Ligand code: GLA
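One chain comes next, on its own, written out as structure tokens in the form predicted on its own.
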């Protein structure tokens, strides 16, 4: 397995460090290094928002301060993830070059300030970024303490300036070649919106065109294209100097502004920023969503990833910024590792003294390490001790040297297609603005999380042939070629689960002619005639072998053709009609769930699939409510993480004998403290 950071192939522990804010406080920078070492922090991300210090005026560069700090860190066993500073441009640049400031959807150009507000198309900004990146690479790529390039920060946003509008039209010309082709793909005869000149095309904006769904969908595709082109420019600028240092960019989970499956292809390493709403709602639900999102970030490249940011304490930007309760910090850190992360990194290392993040959680608080009261110091803060607990756990993994070499292997694939999400959200049907795509994915994921089953998240472009079970909820849009991939999968013996509101449109958002679910009607063995939308509070039910299950929101009215009916609707004018079917196709099976069900149905349904298909579980046991388990594997061992997301002690029967990780002690059961976690190992060597 390829190391994510070859110069330092270890589990990373650290976070965003901004010493450029503290250059006038040398005593604080000295204290920081001692505090980092005491917390077993072995890496920091540095330079992310330091452009104003690196180039205080145009053409005047100052890298000496940065080199001194990287030297001091490295001399103390702390490595640097060196950032390109393009996420926040300096004010002198913003004021001098108006074109680099974004134009918002309302047509107004930004004034100077804030961050993430640069135009990805601007030739001026691209040239400035390329020059900065080249100079950083020439100065630091050979430094033994620099192990990874951190490109910019949380790429996001759109620009509607004339440069971007022109680039959008060029992108459309390349894609469609002729206006006739574009007009047909977008169905612009609707409302007499036929384009007769490329110059008539503008991005979808509230005071312009918003009703042509093909336009809206292609604009979102273009935003990913243009952002990715900017990312490749940044990447190539540092790689041209030294191709051996890997590059990453910190992604944001289910952020819907970009297609991360496309962006991941151009990165050596995927990293992401995770800020769950712990304790503000049921922690098992929060943990489940966090776990699903980790799985997305692992799956976009199908390799281990880095947790680049999470808060060691309370955030400062959630609606309610609760403190992490005792145990939660270690639990959430180990969850990331269990799902494939080879790091636990924080925002931030030291709290900013002023501005918008001065109260955001940090490893090092404002209390400092000097003053008349010796007990008031960073080492005595609860957050710092929590960080130390994570540092000790990761140090043990590094000392034993085995976790880094393991990876997550899954028998189950859940289809999450970002372009499908975009099309679904703008479809204007059923529950407008509230189709609950991500929530639906979570519902289908829930049984596997509860039972300790690993799940990969795939999109329409990825390979699905090796999975025992593929689940494709609400696949409204069949992107070109994906239905053929699904057909082959089932034909060759796979088990596929599809649902209501699937196969409605093609990849330009045109409705299929001939019925739905599109070209998959023979695979599912049915025709979906229409779909009923139930208002909030109204329910129906499915009867399966006399057992009732509640359904809500959406009910598809289907006609079985070759499919076997497993369940029927309980009430309304479609009482007695098929609601759950299975169809044999080739050597495989295709199930169709016609309505949005409650979780009890999914638990029973997928529980049966886990047993009948022999799907691997982390532990062959029944886990208590609120407890889950996940496993990382190598050729000769399984490392199992057992996690308690409740505020009560939980007893877990392991269903077999395991070693407590890093010890010789063998156990058949565990008692997990509130928000407790345990790590187990078992050899898989053939004796």
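Quantities reported herein were computed from a predicted structural model and do not represent experimental measurements. Positions refer to the first chain, counted from 1.
Just so you know, the form predicted in complex with this ligand exists too; it's not on screen, but the next bit is about it.
This ligand in the model of the complex comes within 4.5 Å of no heavy atom belonging to residue 63.
Although the partner is absent here, residue 115 sits close enough that one of its heavy atoms falls within 4.5 Å of this ligand in the model of the complex. The closest non-hydrogen atom of residue 309 lies within 4.5 Å of this ligand in the model of the complex.
Not displayed here, this ligand is approached by residue 360 to within 4.5 Å at the level of heavy atoms in the model of the complex. Screening 273, 209, 229, 158 for any heavy atom within 4.5 Å of this ligand in the model of the complex leaves a single hit, 273. Only one of 122, 153, 597, 290 lies close to this ligand in the model of the complex, with a heavy atom inside 4.5 Å, and it is 153. In summary, the region of this chain contacting this ligand in the model of the complex, judged by heavy atoms within 4.5 Å and restricted to 309 to 317, 404 to 412, 164 to 172, 465 to 473, corresponds to 309 to 317. Contact annotation for 223 to 257: a single residue, 250, has a non-hydrogen atom within 4.5 angstroms of this ligand in the model of the complex.
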